[in-house]
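To begin, one chain is listed below as structure tokens, in the form predicted on its own.
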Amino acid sequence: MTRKWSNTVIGVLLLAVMLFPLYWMLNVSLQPSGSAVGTPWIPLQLSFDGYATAVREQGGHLLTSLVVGAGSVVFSLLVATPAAYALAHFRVRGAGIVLFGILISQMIPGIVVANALYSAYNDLGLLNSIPGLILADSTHGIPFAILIMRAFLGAIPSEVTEAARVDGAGQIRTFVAIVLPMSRNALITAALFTFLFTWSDFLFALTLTTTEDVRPVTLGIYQYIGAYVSDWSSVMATAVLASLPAVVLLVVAQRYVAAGVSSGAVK
């Protein structure tokens, strides 16, 4: 009994240490404008001026990040899902080499990809554009989505697709009407992680945007700190607003993610 209580106390202390930066961010965001050094431990005098400034100054950047994130999810799933289905159920020559190449692509430093894309984007006119950012961020989402989807689709019994074909369904109809509904958990998992990759991206945003016309919120916060270093409530309010989409998605999709990650491991 004593050991259980001691483990609980240790767990609570560790959780408090890990969550303290989030609490301090929320605390500072609710304080009147000023330095974060003199912020009290408990927000007694609440002020939402920081959030008003954050929405006014960073609302467009938040919207840009949402559009880029949604676009990356759609594009990544459109490419990764049929590719994963083909690798899982068709006898594709060189499939092992393709999977090895996908794994290797995950190990390439982002700065290398960003520099290569900058040269290509400069020639194609894709700098400072939402489609350019969607394509760049999808270089992270597509390989990961293929690996997640292939692991799940490989666990779907071949008898299911064969029964659909016996009933007269072609490959495309079988894929759309049978496989995709059965892959809901894996699709949600791949979509969530792709969105998180895109939402937290800083390197591509810094490299592929040179004007304020298209600027994700990560880059907006980076430049916001320099402009409002004396007004930390607005900076922290922007950080809180930038954290909300990821938090909401993780809470809503938690059970689907757990099922999607584990289902491909059991056959």
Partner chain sequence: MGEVATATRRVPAAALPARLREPWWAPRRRERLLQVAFLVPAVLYLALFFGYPVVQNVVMGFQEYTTRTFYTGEAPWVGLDNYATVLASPLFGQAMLNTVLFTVGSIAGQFCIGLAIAVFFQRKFPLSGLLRSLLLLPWLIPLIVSGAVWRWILDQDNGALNRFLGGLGLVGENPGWLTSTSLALIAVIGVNIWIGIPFNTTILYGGLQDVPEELYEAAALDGATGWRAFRHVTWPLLRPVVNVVLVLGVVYTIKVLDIILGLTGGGPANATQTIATQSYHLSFREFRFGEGAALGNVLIVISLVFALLYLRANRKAVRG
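Not measured: the values here are computed from a predicted model. Positions refer to the first chain, counted from 1.
Unshown form predicted together with the partner chain; subsequent notes refer to it.
Pick from I130, M182, A83, A155: which residue has any heavy atom within 4.5 angstroms of the partner chain in the predicted complex?
For this set of options, the contacting one is A83.
The single option of V113, A151, I188, I178 touching the partner chain in the predicted complex, heavy atom within 4.5 Å:
None of the other options qualify; the answer is V113.
Residue contact check: V214 to the partner chain in the predicted complex, 4.5 Å heavy atom:
No - in the predicted complex, heavy atoms of V214 and the partner chain never come within 4.5 Å of each other.
Looking at the partner-bound form in the predicted complex, is G125 within 4.5 Å of the partner chain by any heavy atom?
Although the partner chain is absent here, G125 would stay clear of it in the predicted complex, with no heavy atoms inside 4.5 Å.
Taking heavy atoms and a 4.5 Å cut-off, does T207 contact the partner chain in the predicted complex?
Contact check for T207: yes, within 4.5 Å of the partner chain in the predicted complex.
Would you please decide whether I221 lies within 4.5 angstroms of the partner chain in the predicted complex, comparing each non-hydrogen atom pair?
I221 belongs to the contact set for the partner chain.
Select from 115-153 the residues with a non-hydrogen atom within 4.5 Å of the partner chain in the predicted complex and write them out in sequence order.
N115, A116, L117, Y118, S119, A120, Y121, N122, L135, A136, S138, T139, I142, P143, I146 sit within 4.5 Å of the partner.
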